[in-house]
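The chain that follows stands alone, in the form predicted alone, written as structure tokens.
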């Protein structure tokens, strides 16, 4: 039997940190949101759609641009990777054919990083896109799952926990409850949309079995997060 990891903040391995989400917080942006998990906090602002696309982009579709702003200092390799992952994630959930030959900019400002920063940024960006009224197929919900040295799976790590873990996965799942697709079209290869996964990024070392356990735990946590998100968005409509 696998030992469950004790956590310094008193949480169980399956327990994410306290969540806080607000929308329409920046008046000059077309849409904005703040998202925090414990001490990790991100602001996201959406500008657009603006006419024209950038070089090497398909003019038949809308272009998504992600700009990552660290809390301090210059943008580096890690931040560039976050921009790329977020761009691909957002492109996959937006209806890019609705506003062809336009560019929508998503600006992500890191307020504080105490672990699981990228999932926090993705969730903030999705809430800001909804606030801006950008056409979307469905929302996405993101979470970080870690594998401890002894093999147990831990959800939503702090910065210190991230540094102590053997490996971790950033996972993004579709939120079918908030899908704009017609009924029946939310099947992918015959499988319901909620069985899918949008983005998966792993770091460190983990076995296939450990990765699959991360996906299972992450999917269950994101299902609960989807309900919270849906209620939050309905309240602010």
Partner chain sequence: MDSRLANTWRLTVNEKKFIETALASDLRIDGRKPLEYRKLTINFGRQVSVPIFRPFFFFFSCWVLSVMEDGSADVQLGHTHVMGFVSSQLVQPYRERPNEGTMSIFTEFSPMADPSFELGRPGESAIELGRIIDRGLRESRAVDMESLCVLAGKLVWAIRIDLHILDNGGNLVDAANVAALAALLTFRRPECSLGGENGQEVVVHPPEAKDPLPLIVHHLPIAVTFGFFSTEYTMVVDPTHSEEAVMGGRMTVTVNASGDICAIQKAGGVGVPQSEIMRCLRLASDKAESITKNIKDAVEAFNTERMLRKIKRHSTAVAANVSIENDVKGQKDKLAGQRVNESSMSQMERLKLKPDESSISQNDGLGSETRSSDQISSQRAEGNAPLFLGGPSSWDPHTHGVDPDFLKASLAAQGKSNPKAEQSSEDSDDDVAMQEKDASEDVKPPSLATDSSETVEEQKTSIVKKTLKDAVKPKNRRRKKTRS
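These figures come from a predicted structure and were not determined experimentally. Numbering follows the first chain given and starts at 1.
Form predicted in complex with its partner chain: not shown, discussed below.
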* To do: Mark residue 225 yes when one of its heavy atoms lies within 4.5 Å of a heavy atom of its partner chain in the predicted bound form, and no otherwise.
  => yes
* Is there a heavy atom of residue 99 lying 4.5 Å or less from a heavy atom of its partner chain in the predicted bound form? -> no
* residue 62, heavy atom within 4.5 angstroms of its partner chain in the predicted bound form -> no
* To do: Determine whether any heavy atom of residue 114 comes within 4.5 Å of a heavy atom of its partner chain in the predicted bound form, and answer yes or no.
  => yes
